[in-house]
Ligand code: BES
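The data below hold one chain only, encoded as structure tokens and taken in the form predicted on its own.
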Amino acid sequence: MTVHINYKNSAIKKTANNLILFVGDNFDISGVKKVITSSEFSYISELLKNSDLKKDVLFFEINSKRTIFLIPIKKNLIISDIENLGAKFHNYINYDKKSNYIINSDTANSKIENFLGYFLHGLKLKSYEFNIYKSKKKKHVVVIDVIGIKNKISTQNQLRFKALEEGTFFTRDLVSEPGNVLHPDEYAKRLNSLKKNGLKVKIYNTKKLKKLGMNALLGVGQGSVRGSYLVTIEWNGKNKNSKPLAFVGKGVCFDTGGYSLKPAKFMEDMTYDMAGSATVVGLMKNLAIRKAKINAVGVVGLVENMVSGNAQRPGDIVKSYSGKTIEILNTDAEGRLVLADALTFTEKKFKPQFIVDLATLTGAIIVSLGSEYAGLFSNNNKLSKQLLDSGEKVQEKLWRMPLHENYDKLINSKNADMQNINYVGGAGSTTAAQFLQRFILNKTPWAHLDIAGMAFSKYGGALNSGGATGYGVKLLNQLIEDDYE
């Protein structure tokens, strides 16, 4: 399904087939009297007497060719409420009927600046679907014309929303692809195409990674016939002397668990074990499209965790890029190995202001927080607060979880510097974060977001219809807008 939005500098057409009007709380229609005919106003007023005024949308079929939709602007709305309202209206769009919709912007009177922009943004995000592998699919296209002379969306804000939508959709596309299509080789090629957006992309293949000594990352991918990669994506929107903001993502394109094999049930969902990397990629595309006034770098580790005669074994010991050695007690605790090398590399090469990493890292975080919050672990209170505030604002919520040196004892190894899991039991998400923290060598402000419960939804959410959510793109963009641009 595709929604095209056109912004037109013209007055309202009273003869529009599908007319969308914003009205007052409790469906007070006094403000729209001038934009519909007197007979329509009387007709709707009469019908409203017996209508459910608690609904978010009411519509009235004036005749076979004309429908008027009424959307009340309720009191005390916040931005996320407006986006959710747009998403709810999407459910009223008839994709089978070839007709345009017209929104009268003059009726979008709200104390919240850019009300109409947020409404349409929510509608667009909800319209996403992934159906490229359906043999019989209809090309549903709906056009929405925004007409009126008040409450216009500025060109700058149009670009901002477009950038967020394209970044989020790119993330969702990547997460939705099956593992036989989006393996590491293909993923690296797609990232190379981002150069056309003005991003600087550098791909480190298996040969280069061996030379660098990224054995933790390479160990995860060594059982696959596909290559393993580290890809850096840079956006320079500020002077060269400004330290970049760094975002690191786990990109395990398919995760069998390796020799610590996952149960067969739901293993097909492990195509989304690269969602952390997809969020980083979508964020970088968004920053390039809207030409963000910051320097930023995205770093993603791309591997496939497979079982073969060459796969990593439980009990193996590898030397990471940092020089620290790791005993592999469980090959299904692989994401932290990929991130370990990526984090140290990012800190050493780019010397960023901060590092935020994202990963579908542990099932334990779903036990803790379900699908309402992502887990936040951090060595820095300022960065944590900024992330928490941004998450609340865009309703991509975070909950801060503990880090403590006592948890470190649980991942100390008798045979190496550390082991990749805690065999004592408990605190699975925290010990994974403690493991990652050991690879931040120079006290760079760092936050780890465990998004295992947020990256994919079988049942859908407010702004998505099920499947890949694109979680994190809006959150991190808000962080940048509020605190670093």
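Residue numbers run from 1 along the displayed sequence. Source: prediction; values computed, not measured.
Unshown form predicted together with the named molecule; subsequent notes refer to it.
Undergrad: Do residue 334 and the named molecule come within 4.5 Å of each other in the model of the complex, heavy atoms counted?
TA: So residue 334 counts as contacting the named molecule.
Undergrad: Closest heavy atom of residue 174 to the named molecule in the model of the complex, within 4.5 Å or not?
TA: Outside the cut-off, so no.
Undergrad: Though only this chain appears here, would residue 364 touch the named molecule in the model of the complex if you measure heavy atom gaps against 4.5 Å?
TA: Residue 364 belongs to the contact set for the named molecule.
Undergrad: Contact with the named molecule in the model of the complex for residue 449, defined as at least one heavy atom pair within 4.5 Å: yes or no?
TA: Residue 449: no, not in contact with the named molecule in the model of the complex.
Undergrad: Among 398 to 406, 374 to 382, 81 to 89, 255 to 263, which stretch has residues with heavy atoms no more than 4.5 Å from the named molecule in the model of the complex?
TA: Going by heavy atoms within 4.5 Å, the stretch is 255 to 263.
Undergrad: For the three residues 272, 360 and 421, which mark the spot I'm curious about, does each lie within 4.5 Å of the named molecule in the model of the complex through at least one heavy atom?
TA: Judged in the model of the complex, 272, 360 and 421 all sit within 4.5 Å of the named molecule.
Undergrad: Which residue, 330, 242, 109, 158, has a heavy atom that falls within 4.5 Å of the named molecule in the model of the complex?
TA: When the named molecule is considered in the model of the complex, the option within 4.5 Å is 330.
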